[in-house]
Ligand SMILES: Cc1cc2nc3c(=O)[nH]c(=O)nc-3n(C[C@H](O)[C@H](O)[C@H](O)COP(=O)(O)O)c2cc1C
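In the block that follows, a single chain appears as structure tokens, in the form predicted alone.
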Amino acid sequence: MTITQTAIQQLMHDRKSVRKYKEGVVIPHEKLQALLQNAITAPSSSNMQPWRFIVIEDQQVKKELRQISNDQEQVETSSAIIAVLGDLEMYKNAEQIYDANFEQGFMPREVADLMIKNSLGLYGSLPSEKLSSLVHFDAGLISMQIMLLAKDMGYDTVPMGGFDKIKFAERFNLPKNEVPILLIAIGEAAAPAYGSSRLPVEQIVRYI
């Protein structure tokens, strides 16, 4: 039996972590904006959408960032760095989010009001370490969407967790409620990415 890959399956297999980029390639702002606009369709805890982004294109700033990112070449040579941040006070947007859900016909008013009350009560009472765990989880969901969408647009990416997050927060004057989580380099590959193996699915899946 012949199995044909779907477009999304092909995209998932084609996406690789690229570390060698063509220097001087500029991605138009409208493309970066469209990329992030589509990426924010990702799910999040109680739809609190805790992700925040800094898109770094300035070459001098990228050089500075490279110094606090374990001297990773792609920080400087890629077209842009998308810094994915997490907002520990994301629940303060509950009213805006659920009012919009009501106005756009996604839920009745009483449900929206209940969700606002529950979100403010629940997340507002959580300790910072639990909020941090939540925003890191949600950041992972949207980061994968960013990378797949970028590949679909003809660009390559690599996610990087290896950077000094304290120095990053200081350099970019992050408010205390925003934590840096991940850097995503985006641009045009100058060399193919290395292939990588995967464990057999039979080894990692249990059916009960």
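In case it trips you up, residue 1 is the first one in the sequence shown, and so on. In this text, all values refer to a predicted model and were calculated from it rather than measured experimentally.
If you look for the form predicted in complex with this ligand, you will not find it shown, but the lines that follow are about it.
Here the chain stands alone, but in the predicted complex its contact with this ligand, taken as any heavy atom within 4.5 Å, falls in 157-165 among 42-50, 57-65, 28-36, 157-165.
Shown alone here, residue 74 lies within 4.5 Å of this ligand in the predicted complex, counting heavy atoms only. Interface membership of residue 10, defined by any non-hydrogen atom within 4.5 Å of this ligand in the predicted complex, is ruled out.
Remark: residue 20 does not count among the residues lining this ligand in the predicted complex, judged by a heavy atom distance of 4.5 Å or less. When this ligand is considered in the predicted complex, residue 182 lines it closely, a heavy atom lying within 4.5 Å.
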